[in-house]
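As a starting point, one isolated chain is supplied in structure tokens, in the form predicted alone.
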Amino acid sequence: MKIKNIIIKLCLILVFTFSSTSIVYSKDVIKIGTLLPYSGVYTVLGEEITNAMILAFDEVNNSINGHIIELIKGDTEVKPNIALQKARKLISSDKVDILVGPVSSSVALAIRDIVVQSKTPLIIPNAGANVLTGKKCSKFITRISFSNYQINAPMGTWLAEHGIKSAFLLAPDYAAGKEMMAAFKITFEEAGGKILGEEYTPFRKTKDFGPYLARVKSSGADAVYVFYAGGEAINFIKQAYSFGLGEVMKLTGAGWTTSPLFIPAQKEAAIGFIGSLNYVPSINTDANKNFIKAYKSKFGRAPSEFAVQGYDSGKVIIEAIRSLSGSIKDKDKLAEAIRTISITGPRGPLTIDPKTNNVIQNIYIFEVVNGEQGPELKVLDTIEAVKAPGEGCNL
């Protein structure tokens, strides 16, 4: 009987020790869930954002106020239904403290309600749908990237003030493409410019831009204002160059069209393009130079604007948790802390607009020029502290 009692006591001690360790572990870990594309057409964007966020966490040794950072990945596959499943798992099963994602606006809209209902703070490192910090805003949703309005509206005014009197609009036929063109159109016309035509190409299905380029060229516009990304951006710029479009009008647009990710494939065809972005690699600050050096050292390539958005998302998370001394179980307080953080990062100063929870940031007007190592983005102008209107938002 004595041996039996000793065995029982030992088992109880082991159970208690294991339970205590588990409790300590759960309290000492901050779980960050990502809802990003790790497969499919936007894989490289998901990787860029995640890599840079890891870099930000590495800078604090993956620890905030004594709490270890654990990253749990959810692959959205750029599919709203899949993303919703992954969001449920991360929130209910993995019990993450914060979500970071997504890339696609349609995915962001699909997970919006579960985020708000569960009171899980969501930091958006890319998706630009205006409504996310407009009619569908929430104190639990903070956008560190941009709204589609925010990137494109400054270009309408800037081009009109720099001699462009008429433009032709060209973009993919989906919500983001139309929101970007609408933002440009509003400010361009307010500044006295005229829109001579607009076309919307089948999204991710257009390989031959010839018919559209012919219509643009024959319009007589001073400029074409475009937005494309990924393979479509590469194809459009190459075909526009072969078509001689740049010889009769200025090629302008949302800056992702000639992103640092795509320029190596576009090469000299991108030269002369004038665009707007929230980040360009040539920003001449110590914060940007140090970031580029660290990113190249760790990942073997130069960072893009997507990487910067991931890095700044990580920095905002770090500062928000520090402001709470690591105590993040009250999700209302955590959400409030996130939306009150201000930082200065590679792209410049960032604050969160208390009226919309959308980032306030500089927008850079750039031109693609020949550099020492090939085409690069040269800053022409800086539009400081640009906000998104946030129509219909009531925080």
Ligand code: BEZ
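These figures come from a predicted structure and were not determined experimentally. Here, rigid core means the biggest group of C-alpha atoms that superpose within 1.5 Å across both forms. Quick note: we count residues from 1 along the sequence shown, nothing fancier.
Omitted from view is the form predicted together with this ligand, to which the following refers.
J.: Is it true that F57, Y295 and P346 each have at least one non-hydrogen atom within 4.5 Å of this ligand in the predicted complex?
T.: No residue of the spot touches this ligand in the predicted complex.
J.: To verify the annotation, which of these, I318, A127, I82, L261, has a non-hydrogen atom within 4.5 Å of this ligand in the predicted complex?
T.: If I apply the 4.5 Å criterion carefully, the residue I get is A127.
J.: Tell me, which of S105, N288, S138, Q266 has a heavy atom within 4.5 angstroms of this ligand in the predicted complex?
T.: None of the other options qualify; the answer is S105.
J.: With heavy atoms only and a cut-off of 4.5 Å, decide whether N148 touches this ligand in the predicted complex.
T.: Although this ligand is absent here, N148 would touch it in the predicted complex, with heavy atoms inside 4.5 Å.
J.: Are any of the heavy atoms in Y212 no more than 4.5 Å from a heavy atom of this ligand in the predicted complex?
T.: Contact with this ligand, no.
J.: Is Y42 close to this ligand in the predicted complex, meaning a heavy atom pair under 4.5 Å apart or at it?
T.: Close contact exists here: in the predicted complex, Y42 approaches this ligand to within 4.5 Å, heavy atoms only.
J.: Report yes if any heavy atom of M180 sits within 4.5 Å of a heavy atom of this ligand in the predicted complex; otherwise report no.
T.: Residue-level check for M180: yes, a contact with this ligand.
J.: Heavy atoms within 4.5 Å of this ligand in the predicted complex: which stretch in 154-162, 278-286, 236-244, 96-104 meets that?
T.: Going by heavy atoms within 4.5 Å, the stretch is 96-104.
J.: Check each residue of 250-283 against this ligand in the predicted complex and list those with a heavy atom within 4.5 Å, in sequence order.
T.: Heavy-atom contacts within 4.5 Å come from W256 alone.
J.: Determine, after fitting the two forms on their core, whether F299 shows a C-alpha shift of 2 Å or more between the shown form and the other one.
T.: After core superposition, the C-alpha of F299 moves less than 2 Å between the shown form and the other one.
J.: Look at A110 and decide if its Cα position differs by 2 Å or more between the shown form and the other one after superposing on the rigid core.
T.: For A110, whose C-alpha is compared between the shown form and the other one after core superposition, the shift is less than 2 Å.
J.: For G230, decide whether the Cα shift between the shown form and the other one is 2 Å or greater, given a superposition on the rigid core.
T.: The answer is yes; the displacement is at least 2 Å.
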